[in-house]
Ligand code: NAD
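Take a look at this single chain, the form predicted on its own, given in structure tokens.
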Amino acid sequence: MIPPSAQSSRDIYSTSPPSLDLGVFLRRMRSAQRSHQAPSCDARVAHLDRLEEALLRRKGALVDAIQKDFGNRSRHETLIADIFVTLNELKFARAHLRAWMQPRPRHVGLSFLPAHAVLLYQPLGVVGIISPWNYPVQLAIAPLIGALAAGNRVIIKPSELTPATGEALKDLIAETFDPDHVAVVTGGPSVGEAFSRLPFDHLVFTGSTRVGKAVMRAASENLVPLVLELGGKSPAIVGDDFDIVAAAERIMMGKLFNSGQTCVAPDYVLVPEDKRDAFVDAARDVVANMYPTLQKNQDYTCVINDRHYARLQGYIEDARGRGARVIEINPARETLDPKDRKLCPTLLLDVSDDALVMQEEIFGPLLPIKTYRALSEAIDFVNDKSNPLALYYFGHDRRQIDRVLSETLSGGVGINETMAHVAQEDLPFGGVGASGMGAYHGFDGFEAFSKKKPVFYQSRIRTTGLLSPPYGRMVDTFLRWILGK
């Protein structure tokens, strides 16, 4: 069902509003939130139903919009990462929502019995979502699912680097929700900055650590709680007992999905010293099988824009200038036109630790390969850097796995696979330290966008009355019983 006011929603939010207008939109939503009771479970399920129908109905338009924004984005990658994963998240939330909304009993101290206590989950109010360009549908809609499941209203600000997708999302939302329930606002950095300064009841930002710091500073003016998904340098460690060909296959698949423009893509790999050359050979073969050609291959995604293409080329030249060996994997030996922004999968050997590619998040199809002699050396290397959003370990020895898990700190971990942990609806997705704070997906998203309200219910028999003045023999007896002599 399309709300009767959907057309006006598209008109209201069709331009890039100044900060004053954004404030008006927020106040309108907050007023609507306060004038209605928290939506029932059935109402929230209906909201998710409408969103699912809209995603399925408009999936072709979303694929085309992302393709237009990227120049070439693998259709299959869009359907898998932006549509399939998002729909799974929605279905999981809908299936479990009634159980999530139930009051949770909590323990009451012995001295307060027979009273009881519960936790109630209450909508926070209006949630803001600043979504990025690399997965422009998933990273806008997945937090929206959690916010709607929790009973909130939402305003989404998509990235200006994917304008066609932003418009497609705006159309989808406008035909699905009333304008005071969910809205999309578009615009450039000035709109994003104004958006981050609004007094939301919760704000979600996905993007770089640098911009995340600015968003956090802006949000602090209004004490707005945050979920920050920031990325960082996610390592892959290959254990000495793991098949090197299998490791190369799984790591290169994660590295090259979306041409490496993924916050949880393997950012560098640590392999046993005596297996480096075998890993390089296996990586060459894996890439040749996955992408026998590059230039006109619709499966191989472009770098998003000229600025990021130049940035990645700069990383390569900086590494080369510092003595790195650069291995471009170009199976058909094609001459790639820079105007198409297709960058060869590139391995970097003997990379200096002070090279840009080892200091900055790569976000592209470049993979530095480092070596280690003992696992402790690899763990120390990881721990000398900021906490990553993801860490991958390939090995079968349970003791080694447990050691990596206990001695490193990261947002999430994949054992013998890359990136798949993010697609698990019942696992929270979030960073730690420089890679972010807070988490969402599944129940963790519902909880993140809810106020956990503690409620104490006094019984008809009120034992706390014993603690009221005037104090006398009875309270002395009670305190001796509780505290001892």
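Everything quoted here is computed from the prediction, not taken from an experiment. Heads up: residue numbers just count along the shown sequence, starting at 1.
Another form exists, predicted together with the named molecule; not displayed. Remarks below refer to it.
Task: Sole residue of L97, A164, V211, L349 within 4.5 Å of the named molecule in the model of the complex, by heavy atom - done: It is V211.
- [ ] Please pick, from E229, D201, E89, D82, the one residue with any non-hydrogen atom lying within 4.5 angstroms of the named molecule in the model of the complex.
- [x] Flagged contact: E229.
Open item on the list: in the model of the complex, does every one of S74, V286 and E328 come within 4.5 Å of the named molecule, counting any heavy atom?
Closed with: Checked in the model of the complex: no contact with the named molecule for any of the three.
TODO: Check whether P189 has any heavy atom within 4.5 Å of a heavy atom of the named molecule in the model of the complex, and answer yes or no.
DONE: Although the named molecule is absent here, P189 would touch it in the model of the complex, with heavy atoms inside 4.5 Å.
TODO: Look up in the model of the complex whether F205 has a non-hydrogen atom within 4.5 angstroms of the named molecule, and give yes or no.
DONE: Yes, F205 sits close enough to the named molecule in the model of the complex that at least one of its heavy atoms falls within 4.5 Å.
Open item on the list: Residue-level contact is defined here as any heavy atom of the residue lying within 4.5 Å of the named molecule in the model of the complex; does L270 satisfy this criterion?
Closed with: It does not: once the named molecule is placed as it appears in the model of the complex, L270 has no heavy atom within 4.5 Å of it.
- [ ] Answer with yes or no whether K157 is in contact with the named molecule in the model of the complex, where contact means some heavy atom within 4.5 Å.
- [x] Although the named molecule is absent here, K157 would touch it in the model of the complex, with heavy atoms inside 4.5 Å.
- [ ] Name the stretch: of 314 to 322, 402 to 410, 356 to 364, 295 to 303, exactly one has residues whose heavy atoms fall within 4.5 Å of the named molecule in the model of the complex.
- [x] The contacting stretch here is 356 to 364.
Open item on the list: Using a 4.5 Å cut-off on any heavy atom, which residues of 124 to 158 would contact the named molecule in the model of the complex?
Closed with: Counting only heavy atoms within 4.5 Å of the named molecule in the model of the complex, the contacting residues of 124 to 158 are I130, S131, P132, W133, N134, L139, K157, P158.
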